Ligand code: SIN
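Single chain ahead, by itself, as structure tokens, in the form predicted on its own.
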């Protein structure tokens, strides 16, 4: 089985053309997709017709799957699939309508954060709802000298945004879910376990402090770091089409959702997401 690889931007991202992910990939093809994911950080597969079971099966080729802390916002028959959705039933959102309002890495607030996420677009609005991706290898490699020195060897405190009283979401975690997601400590700069490259791992949505620093100093450094990571030259913004599957590397890329139309009653964005378990950062 062969495919065509088309880069999507100078920063990161590539489209893979010619694969039907509803069918198992042979080992050489899978190995080539795996390498493309390491090289480009974000992969886009267009025009995929995937059942939840097929989505899960492809995801599991890369590792065991995680269940999102919001375990009441998942597909009932397939709890490995998180509903990223603005749909409501009985006046209540069935999933997470506002996933990713700030730059972040999925599940970075767990002891073992995510390797990667696969998001499948089922119902896509005609406008709005795009997803931005940012290359954190490039962010690390271009750090200003004073900022690099300020975070060298430092660890951050990571807390789920939906578990943080200082952040506002349409749907937060309940008390039981919050109890299962206490703050954790991770390096601000991590080394990718497969490529050996360093990248910025701290992110605006889930990193709340730098360990060992006064709050004012920590906030000032993180603010400067987050602004640096959001520079346009590091980013690619994906314009969704129905039946797109995107697969990104949470170990070296951040992402953000365009939620500007969230208050529009006509806005409908319904997606399925799997999250692949990763390793403890170092």
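Residue numbers count along the first chain shown, from 1. It should be emphasised that the depicted structure is a prediction, and the values quoted were computed from it without experimental measurement.
Separately, the form predicted together with ligand SIN exists; it is not shown, and the next lines address it.
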Contact check for 84, 104 and 273 against ligand SIN in the predicted complex, heavy atom at 4.5 Å: yes
Residue stretch of 104-112, 190-198, 141-149, 163-171 approaching ligand SIN in the predicted complex, non-hydrogen atom distance within 4.5 Å: 104-112
Contact flag, residue 119 vs ligand SIN in the predicted complex, heavy atom cut 4.5 Å: yes
Residue 100 within 4.5 Å of ligand SIN in the predicted complex, heavy atoms: yes
Contact test in the predicted complex: residue 255 vs ligand SIN, heavy atoms, 4.5 Å: yes
4.5 Å heavy atom contact, residue 207 and ligand SIN in the predicted complex: no
Residue (of 248, 45, 234, 58) lying close to ligand SIN in the predicted complex, criterion heavy atoms within 4.5 Å: 248
